[in-house]
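Next comes just one chain, in structure tokens: the form predicted alone.
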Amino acid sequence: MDDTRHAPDLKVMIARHKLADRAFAVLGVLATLVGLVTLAALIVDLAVDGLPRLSWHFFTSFPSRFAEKAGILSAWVGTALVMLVTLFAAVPLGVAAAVYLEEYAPKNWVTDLIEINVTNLAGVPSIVYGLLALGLFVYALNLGESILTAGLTLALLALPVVIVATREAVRAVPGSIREAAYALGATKWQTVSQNVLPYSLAGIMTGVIISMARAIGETAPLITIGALTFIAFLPPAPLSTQPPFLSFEWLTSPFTVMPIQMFNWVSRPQAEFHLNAAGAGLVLLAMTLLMNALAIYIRYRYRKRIKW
């Protein structure tokens, strides 16, 4: 009797839950569509304004007082060099710090304090990093207003994201893999380098993608440390024809980057400069997508290697 009486109530409850699931799914799809449509509209508007400005002259010319003669040569070269320094500074240091905290560091109040601070640093406004870099790199270490200072500043900005993402990726590796390596006589470092890191590389590359995508569009910290809004020369080339074929003079050169060049053009009243800013925005978007595509390709290759 009791089962018969409660059966309709159970069916009604299941029906309500299914209706709630469908409603949530529809809401999620609508929210996703709103974001995608808005992003597509912004990209289309940017492309309509900026595509006519994209030409070989636009890529190979320096900024100018005349909009039709102005280009982004110094800006895209500066962006590439600054991001190169950021990549080589943030990724090895961030991965090493994450591996130490997750695999080697003792579990005590000191490591707990470090974890809390690293997590909080990921949400600190970028201008704070600019002020920190101004005091540390420019004044204390005398690195000047250079590409090296800019790259290290953005590395500080990207470092917490890399550390947090790497720790989560390392933590997700099953403990059975570590135990199997130890059972075969592997040392701690052999286990980490040959088993843990390859299996966690996908998560690490995701963190790298997020951090670099954020760093490439930052303006406030670079303005704080003295990035130029108008620069009509290029830094020395990193490669040379003379031994040892590498030059590091470019690290001490003044610089500008794409977001600052765009800000400079947008702040001008002439509509022609606004079209230049739209073209520069398309180039910056393409650089970001290219950088992310490279990271995704590396992640795919390592995933395929692990499967085989």
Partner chain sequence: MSSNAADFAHRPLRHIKERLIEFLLFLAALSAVATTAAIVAILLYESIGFFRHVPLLDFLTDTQWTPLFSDAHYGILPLLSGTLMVALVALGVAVPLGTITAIYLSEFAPHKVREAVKPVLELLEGVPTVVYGYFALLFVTPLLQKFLPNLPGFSILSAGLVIGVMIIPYVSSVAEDAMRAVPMHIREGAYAMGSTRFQTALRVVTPAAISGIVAAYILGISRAVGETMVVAVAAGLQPNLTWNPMEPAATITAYIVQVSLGDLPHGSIGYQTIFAAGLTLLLITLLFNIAGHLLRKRFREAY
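Keep in mind the model is a prediction, meaning the values are calculated, not measured. The term rigid core refers to the most C-alpha atoms you can superpose between the two forms while keeping them within 1.5 Å. Numbering follows the first chain given and starts at 1.
Keep in mind that the form predicted in complex with the partner chain is not shown, yet the notes after this line are about it.
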TODO: Would you mind picking the one in L156, V208, A169, I72 that has a heavy atom within 4.5 Å of the partner chain in the predicted complex?
DONE: L156
TODO: May I ask you to check whether A97 falls inside a 4.5 Å heavy atom distance of the partner chain in the predicted complex?
DONE: yes
Open item on the list: Since only the chain is shown here, I'm wondering whether V173 would be in contact with the partner chain in the predicted complex (any heavy atom pair within 4.5 Å).
Closed with: no
Task: is_contact(A20, the partner chain) in the predicted complex, heavy atom dist at most 4.5 Å - done: yes
Task: Interface membership of F62, the partner chain in the predicted complex, 4.5 Å heavy atom rule - done: no
Open item on the list: Need the contact residues for 19-48: heavy atom within 4.5 Å of the partner chain in the predicted complex, sequence order, or none if there are none.
Closed with: A20, D21, F24, A25, L27, G28, V29, A31, T32, V34, G35, L36, T38, L39, A41, L42, D45, L46
Open item on the list: Using the rigid core as the reference frame, would you say T60 shifts its C-alpha by 2 Å or more between this form and the one not shown?
Closed with: no
